[in-house]
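The chain below stands alone, shown as structure tokens; this is the form predicted alone.
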Amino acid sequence: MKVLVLAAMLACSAMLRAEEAVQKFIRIQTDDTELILQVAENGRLYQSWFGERLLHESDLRNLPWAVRAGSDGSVSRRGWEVYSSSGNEDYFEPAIAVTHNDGNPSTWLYYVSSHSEPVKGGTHTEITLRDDQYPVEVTLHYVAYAEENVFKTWSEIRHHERKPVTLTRYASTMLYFSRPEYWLTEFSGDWAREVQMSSQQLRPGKKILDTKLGSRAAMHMHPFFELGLGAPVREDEGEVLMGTIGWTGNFSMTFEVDNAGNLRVIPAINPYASAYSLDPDRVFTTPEFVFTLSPDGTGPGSRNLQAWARKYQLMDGKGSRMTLLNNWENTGFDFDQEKLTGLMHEAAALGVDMFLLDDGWFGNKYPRSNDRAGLGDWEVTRTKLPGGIKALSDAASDAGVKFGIWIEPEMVNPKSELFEKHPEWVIRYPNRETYYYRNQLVLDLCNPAVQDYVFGVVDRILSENPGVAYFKWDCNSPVTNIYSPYLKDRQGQLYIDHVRGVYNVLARLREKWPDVPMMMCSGGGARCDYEALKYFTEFWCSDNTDPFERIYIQWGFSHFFPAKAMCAHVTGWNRSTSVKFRTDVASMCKLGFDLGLDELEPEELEYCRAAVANWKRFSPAIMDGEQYRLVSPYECNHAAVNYVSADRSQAILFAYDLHPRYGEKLFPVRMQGLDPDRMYRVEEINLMPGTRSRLASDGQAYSGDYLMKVGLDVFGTLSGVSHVLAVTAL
């Protein structure tokens, strides 16, 4: 009876407040863009506008109402409800679906209240909606970042029913568009061919981008998209929505064109196998959806997202990044303390900041000599490294570099002491043959005891070894054998609570160790979302470091992430290409090396040293400047990108000849982002020792206007040739 009375009171309150708020507009604004929501006559909340910011308040009354309600409360037509719910009069994909205690699967949400407050860089708006028959409440959150024209939105779902309710849909938001046509660019692929870009026109019906990997967002599909509104997506023209969801697990992004030709976009956690039982008075928080609406193509949109990330989302987004030498491609599992010490001195001679020890340093009962044993036993292999981690970090310090180390603490090999002691800590079926992905299983991060263990792994390494300056945190397996011993009869929560468990661990680590940089890695580039990047300074784009392939991979990721978040290493992949070409490609991002320097010729090693010095010299432009994608590898046999520092005094141009056709016509590359009224000196850098630039522009001075309108001849007719031009204001 108390619950029924409470529900009635909530319904009455909601309706009264809605009546008071008829024609209320909620304006969520950046400097150039705004989302306008409106409370309609029926007391529900609808989207009235999303586009360029309207200048005059008086014009709002001319916006078309989402719905019209008759005197009897009936609705004459369907509107663009901001958080449409299952069971209402809408016939299309909902944002939320709740099954109540009495089995009723319907939810109708009415406006209750809203307020806004300033936050760093923008404004945070909260809107409360409530059901009129059940004590269910949804709070919508919007943060608008004024200067960057970026929005971030998420929702919170709670209830006060006597028993748990079941959630089967729980979107972060809904956005609507009405255009003559819609073109979707998606970023798909697999291991070693991440973020392959492809486009298609959306037709009536639903197009869904999703994954079911559990422990990571990406592999087959990445958690971001571009939507051309009225025309295909282009770099420097046309209206485009760019969006990405911050969730390190199963995601779903639905694009539905309805019978009237309107489009709804619904980013969410994937509800696959995830009917979530929500207890009374608990809050279900959806992932953040980050988006920007650019009227001039993806170039400005990318720069907005990159600037926003560096300022507000990326861990240590304004800090510096360390160049490094990794041992994996050089040694694999075959190393000892003496060999590693030698590599540390190689790192110092190369001029990089850090030596990174990769997989293979742990396990005693089951030493980590291959990928079939040792995961979970995070104790140094005494026979291989008798001095432990401290001896290694001391050796790195003596060599003049910092020391970093690889870990994969969310995983376990069946052949490990951890698995022998705690088989109940592992996600696996109790009554079926176990399937192993890469000879390992995923620890059950739904379990608080497992969270404590994973936290303890990293905490102990740092507490006992203050010389550790960096972690490479890997995650090489999706969730398989999908059953949590901890959750028992609530298996629908596994996929969601597991990811939240990962975040709990990361939040605890950041609270205690706020300044330790970490690389996010996952079988290549399978973890690359903006929720995880609150805790990581950078991510590994792909295990594929073939420079030809990397140009495409880095091109794709650059649409949503700044260069300082993207790790790129010079390795032995595709040795038919020159060390110069491989290094020039890696220099577009956070530079590292992963190869045996003793394999290099003396002039190659000298070149690499100079390239590291040049990267550091132009780091203000590459890491913190604006990026301009000039020539797409998807559109011709060449590629070019330039970066410009914030004060426009420094720029760097990367130009690559991929696989030119015989006799093809070559065109100058026109730079972007320079000051048209300043003069700039052009110098080709990253040249092999003993060689001189063959470019006519080398050593010449040009106005920024000339460089942007006429451009420079930098392309040639040979495959695998690169040019790096430093452009410095006089």
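Nothing here was measured: the structure is a model prediction, and the numbers come from that model. Position 1 is the first residue in the sequence shown; the rest follow in order.
The form predicted together with a small molecule exists for this protein as well; it is not shown, and the discussion that follows is about that form.
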Trp406, Trp154, Phe536, Phe335 - the one with a heavy atom within 4.5 Å of the small molecule in the predicted bound form:
Trp406
Using a 4.5 Å cut on heavy atoms, which of Leu129, Val150, Cys521, Val570 is close to the small molecule in the predicted bound form?
Cys521
Pick from 469 to 477, 273 to 281, 309 to 317, 612 to 620: which stretch has non-hydrogen atoms within 4.5 Å of the small molecule in the predicted bound form?
469 to 477
Is there a heavy atom of Asp358 no more than 4.5 Å from a heavy atom of the small molecule in the predicted bound form?
yes
Though only this chain appears here, would Tyr83 touch the small molecule in the predicted bound form if you measure heavy atom gaps against 4.5 Å?
no
Is Tyr486 close enough to the small molecule in the predicted bound form to count, meaning some heavy atom within 4.5 Å?
no
Quick check on Trp540: any heavy atom within 4.5 Å of the small molecule in the predicted bound form?
yes
